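Before any questions on how it binds or moves, here is one chain, the form predicted on its own, in structure tokens.
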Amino acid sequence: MIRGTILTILISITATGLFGQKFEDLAKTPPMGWNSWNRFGCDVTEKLIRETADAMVSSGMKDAGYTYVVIDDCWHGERDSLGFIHPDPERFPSGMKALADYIHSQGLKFGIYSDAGTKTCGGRPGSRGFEYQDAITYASWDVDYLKYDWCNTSELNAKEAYTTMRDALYRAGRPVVFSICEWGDNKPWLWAKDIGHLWRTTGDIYHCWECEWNHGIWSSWGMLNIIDMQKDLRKYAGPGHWNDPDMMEVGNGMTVNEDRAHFSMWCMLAAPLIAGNDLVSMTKETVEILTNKEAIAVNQDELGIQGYKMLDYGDLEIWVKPLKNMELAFCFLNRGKTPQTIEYDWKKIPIEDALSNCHIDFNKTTYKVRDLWAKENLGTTNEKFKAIVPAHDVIMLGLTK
């Protein structure tokens, strides 16, 4: 059936001269889900993915909005004599269709990984030269999300390579969220809006507050380093096309304060909320961070505006995210090793954001102030906001009329 389908599609393309396009009406808010790589690397199995799907439901993550369960690298077996990819028979003995069916039965969606090069980053078969076969195979498995990497691509043109897979996915006929993962090397924010639904803006994240892990020819970066790399990119993001600062490291070894700051900033950045920890063995604190619906609402706001750093006082930064109905999220980020005292006078600094057409003078409009982590109402913008931000932590506020 699959082999006949691919011939039909290829003949159709030749006859009509038509190619594909990006699936519209997907990822209107930043995608939410889980990916295996940050915590498990190549140690992926059918059992792990099923248990993760179960945990996404039982932990409350599904109710909080998490949808996609994505297998990253190393699920691959070999290609058959006709070039069709098969999963590793030892790691995935039931096959990918059965696994997708299980994930769908939980009310979740199924994601998978491939690479634009000849081999994946983990040395498995890449999709170069097999894009249409792979897209049809994924459609036959009922895949909902594809993360597409950039290892072993030699002299390939990134825009063309990702367009080829976009076209292949579209012609296969099953709507798929397309995650472009070429690490920002070719500035995808300039060309990827009509190709993918999200694109990586940086190299890989690492579970530290601020650091560089040098691998020789490339580096992994700490959470603050990744945030700093988002400068000047907000104008390229919006519904259906998101800047992706990489999957989250919440629950992977940083402190609770750092995890809370990490999650808050991904919410402020309108970043995809893709968890990367072990969902089966999460601590209570990790669950509370990942399922904070008030913080998630900031991320998932339908206006789709990425937040920005409004004020920089060194260790203390003040970030603002315009929301629908002229509401706002404020995040006070303490980058430093000591607590920072805040005495913020709303009436002295108006909000002037041309990107969202948000212009607010707190002398003329009064807002209610709510602490989104303490989940407490704090009065209004008629009073100064006074607080202490702990080291490596945030205070995140929601302002509503």
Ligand code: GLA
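In this text, residue numbers run from 1 along the sequence as written. Everything numeric here is computed off the predicted structure, so don't read it as measured data.
Omitted here: the form predicted in complex with the named molecule. The next part is about that form.
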- Query: Does the named molecule get within 4.5 angstroms of any non-hydrogen atom of Asp73 in the model of the complex?
  - Reply: yes
- Query: Would Asp204 sit within 4.5 Å of the named molecule in the model of the complex, counting heavy atoms only?
  - Reply: yes
- Message: How about Trp199 - does it come within 4.5 Å of the named molecule in the model of the complex, if we only consider non-hydrogen atoms?
- Response: no
- Message: I'd like to know whether Val176 contacts the named molecule in the model of the complex, with contact meaning heavy atoms within 4.5 angstroms.
- Response: no
- Note on the structure: Partner-free chain; cross-checking the named molecule in the model of the complex, the single residue of Tyr68, Trp346, Tyr367, Trp37 with a heavy atom within 4.5 Å is Trp37
- Task: Scan Arg166, Lys321, His262, Lys147 and let me know which has any heavy atom within 4.5 Å of the named molecule in the model of the complex.
- Result: Lys147
- Can you pick the stretch from 248 to 256, 326 to 334, 186 to 194, 120 to 128 whose heavy atoms fall within 4.5 Å of the named molecule in the model of the complex? 120 to 128
